[in-house]
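So here's one chain in two forms, each on its own in structure tokens, numbered structure 1 and structure 2.
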Structure 1
């Protein structure tokens, strides 16, 4: 397994342009020293590079980078290699998929703008500018607007009885930036980190770019295998565990309360930071989800990312990071370097809207609308004469669908795109680039009519593939 991570690490550095065509790669000894791994591991990674047509050997001189064209040729040599290479390409495909303008976009876990109270929000913005007429002329501090941080600190207190000082809150541009900044302060090349399997693919891209060694933790409807988590923490001493325990993306699963408490204990014992990404918390259907894992933490091992981009106002890109000084301090320093602070305009609009009654009403309506869409998607999936399986999500935006063995996700994907239907193949959510029998379908963006028609068409395509 480890050599595969070293392989990915080298590929990342090649993609970054650190080593170009016909450059000499570092000697096995040097790279082993730099990455703190065994020479045999580097040797195996170099062998795989050679096998995949990414590197070639010059007698007595070492390994060199293959020019692009030749690497393509190299790939055609056998089936096995084709698979590896397509996995690597899949790696960077989420943004590509999002570029596709399909009629039935099940690929984007984004809320239909028609479900957001846009007109009200626009009116609201005008009020905010009446309150702060000079808003446009003022910079925010890198940490974020103090008024906003106070409001969020009170919010945590009121909802979860957790006391955090406003100085322990950082505002970022969406959860994406929070994950990137955390990766920058925690990860050195080849550091082990735990990630759920499957997980948010953009987070995987960030961690890989930072050179992390990804240790997967399977997420099932029952949660994690806690003995396995403990063993992995013991064995790999990961810097952190990046998790999305509530209405998880892509599966929709939720980690039970007991495991939340156990994880906090494990984190303390093995000094492993828990990064809890909680973007979907408020998007529950029947009942409230368990408390954030973060609220059980008394020793400061948990960092809580609460994005409001998805459901309050995507246009504002506001995410809050809650954590103890030991993490928030370095994070503020990283944020200062990265962009010196979010715009003040968007923070002020957010803080006033967030506290309004209208916001609560919006949320209640939104939950109902999302639940209806989930129900429609499930109805249509169940009506199809295909043996696909899923676990009903109790919140969030996605259904994680297991295809029958006779239908491969990549075949279904190619055919669907041709018919203007998009979804996310499971493979790109998998730290191991596998999970080829799974796909993520988002029911949040397309309207009810499109949902019905789109899923019916998807089922037709799957059926045709099955019959071949």
Structure 2
């Protein structure tokens, strides 16, 4: 609810020391104007502050910070858990999900290291150090290695006929850093942004940390309701629309070409930046996915995040941000403050392997291996005596599974963890903290035998829950 976001915003400012004990808080009218929300929304937030002992009222004067507020700030997490749904509690509980030790890890959308070109890559490491003997003694620029940026700009030109100068490319430490930097330069507290429902949970955490107001856009196998998207853009004037339109995480859906073109037109009309996160573009099984939205943009409203190292060597953490100077310039400044640039050695290793014939050979084999694993997971899911449903992904690393009403996702998760099986509950991917009937299963990390056994055990757990 919006008033809870305003409540969190006020609490954050208290924690930063902007308002201390007995300080007067802004009037309802002033804060509503500052945040661009209705006065009733601010009133509800202030009432919740009063209810939780964070603020008190002076008659005909206004709201003030409670003297004991400083000592109570540390209890904020407990209050939020009591005040919000169990989905939020699960989200908090799952913040370390990827660190849970499990024999059957269906929670991580990463590729099995045994499917990666480890031997070939080691040869390129030696080759790179022969070419650049002083490599370890040189810093990269904050924007990224010029040779790599030139190669990637040519790649986009060759595949999509997009004319892009290397100065319009930024290299980041994975897509998550790119999302974080974009959030820092675009979002002010309580700014509206559009996000898919569901979406990449880490991005939601980043946007919430910046104080964004999340406006959900439902994503189905058919794509978006474009009339609804236009209405939301017109009504909320969002700073940007964060999307993952190709082999979407967590659903696996892909946005049709027509809607991609329509979105670019809407972005220009309503001056809404499109942030396109494309981590799985090369992981297609039957046919190539549609062109990125970025390739249809002529006015600079699209920013394209392309992760390249996920299917080569995730440890290299190479993501390229493609955009016009109006975005890349501020991003370079933010990147220089964050880490002053990616390690040059990883960029050089990647750029030399990326241009090789072995790279294409590896991709062809990898697609086959991932498709086999997807088919195995679907086969085992279909064989189970559970009425769970899903849409077959045509690429990517995940299956988005709907549970029957008789199976609780939270109960399934707790029991699965006890039996060394991990997955991602749908609530943490939902900006509204709902979607309690969905889970994400990743088929890319565990081997074929583990896939069969793990899904069979997951089905057994679900059946026991169903019989209770």
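No experiment lies behind these values; they were computed from the predicted model shown. Positions refer to the first chain, counted from 1. For clarity, a rigid core is taken as the largest C-alpha set superposing within 1.5 Å between two forms.
The second of the two standalone chains is derived from the form predicted alone. With the core held fixed, residue 451 shows a CA shift below 2 Å between structures 1 and 2. After superposition on the rigid core, the Cα of residue 460 moves by less than 2 Å between structures 1 and 2.
For residue 35, a C-alpha deviation of 2 angstroms or more is recorded between structures 1 and 2 after rigid-core alignment. The shift recorded for the CA atom of residue 25 between structures 1 and 2 is 8.0 Å, with superposition on the rigid core. Core-aligned Cα shift between structures 1 and 2 at residue 8: this is 4.5 Å.
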